[in-house]
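One chain follows as structure tokens, the form predicted on its own.
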């Protein structure tokens, strides 16, 4: 494999723009008129209830599904993501929830699987040096690049999967539930890694159901509901606003709890005056 460094867009420059994207599976409409924009050096969180269309949208961007209608612009030019290979070629890398790692192989072998250096006479030394360099840049907590994946923690495995996607010099990385089933320390490790990827000037799209994780790293929160856009929020948005956008109900347990807190605060203020 020959590694070539692609020119990275300037921070704040729009890398990806979706306009009026629709995806139909027969009579079922999974996505309807979706608009989305991702800029260099920002993290966009994609949130929504089950069945909101998040996974379908990610698969459209990964080249797994082709949209039924709508336009995709990448780096200011119309793009057709007609296969996963085309998405990777453009610079869109995806880390799916299952990570797709081979547990019996070591870190180096997983990083370069399918993209080996000098595949007819493997350059093990060059691959190991490249692996260490990349992991050091990400401040990854991997004790040895010759350690089997089976012996790594969940956070370390997520790190390897993200590092593997960076080998092809993408401009956008999409992460599907990157902190699912991780402990507190491992979650913090992955969130720190996402921030370091953003600092490299990449655009990052994350799907997550954990609002605290979303608030910790996202610059914008895009809500999908029933396959449609249902609002764009900042991390400062209240849980009440986000839950209302996700569920479509302004009256819910979160809003009632917020109302009780507000009433209690007013009563406390009244008793002090």
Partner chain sequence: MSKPANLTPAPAEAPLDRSDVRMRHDDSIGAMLRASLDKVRSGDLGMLPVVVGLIVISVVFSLLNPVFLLPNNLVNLLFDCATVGIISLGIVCVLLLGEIDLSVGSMSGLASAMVGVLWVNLGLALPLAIFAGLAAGACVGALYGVLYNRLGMPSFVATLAGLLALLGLQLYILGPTGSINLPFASVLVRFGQIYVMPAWLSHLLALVPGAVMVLRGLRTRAGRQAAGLSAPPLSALILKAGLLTLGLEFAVFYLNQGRGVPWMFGLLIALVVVLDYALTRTQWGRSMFAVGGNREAARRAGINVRRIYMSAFMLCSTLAALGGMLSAARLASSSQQAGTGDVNLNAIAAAVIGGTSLFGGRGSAYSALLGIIVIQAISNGLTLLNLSSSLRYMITGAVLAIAVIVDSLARRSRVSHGRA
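The structure displayed is predicted, hence computed values, not measured ones. Positions refer to the first chain, counted from 1. So that the term is clear: the rigid core is the largest set of C-alpha atoms that superpose within 1.5 Å between two forms.
What comes next is about the form predicted in complex with its partner chain, which is not displayed.
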Discussion item. When its partner chain is placed as it is in the predicted bound form, are 105, 115 and 150 each within 4.5 Å of it, taking any non-hydrogen atom of the residue?
Written reply: yes
Discussion item. Even though the partner isn't displayed, in the predicted bound form is residue 84 close enough to its partner chain, meaning a heavy atom within 4.5 Å?
Written reply: yes
Discussion item. Taking any heavy atom pair closer than or equal to 4.5 Å as contact, tell me whether residue 181 reaches its partner chain in the predicted bound form.
Written reply: no
Worksheet item: Just to confirm, residue 196 within 4.5 Å of its partner chain in the predicted bound form by heavy atoms?
Response: yes
Worksheet entry | Exercise: residue 200 in contact with its partner chain in the predicted bound form, heavy atom 4.5 Å | no
Worksheet item: Even though the chain is shown alone, can you say which residues of 88-104 have a heavy atom within 4.5 Å of its partner chain in the predicted bound form?
Response: 88, 96, 98, 100, 101, 102, 103, 104
Discussion item. Please state whether residue 196 has a C-alpha shift of 2 Å or more between the shown form and the other one, with the rigid core used for the fit.
Written reply: no
Practice prompt. Answer yes if the Cα of residue 128 shifts by 2 angstroms or more between the shown form and the other one on a rigid-core superposition, and no otherwise.
Written response: yes
Discussion item. After core superposition, I'd like to know whether residue 161 moves between the shown form and the other one (criterion: C-alpha shift of 2 angstroms or more).
Written reply: yes
Worksheet entry | Sense of the change in Cα distance from residue 145 to residue 196 in the predicted bound form - at least 3 Å versus the shown form | farther
Fill in: in the predicted bound form, shift in Cα separation for residue 197 relative to residue 152, 3 Å or more
farther
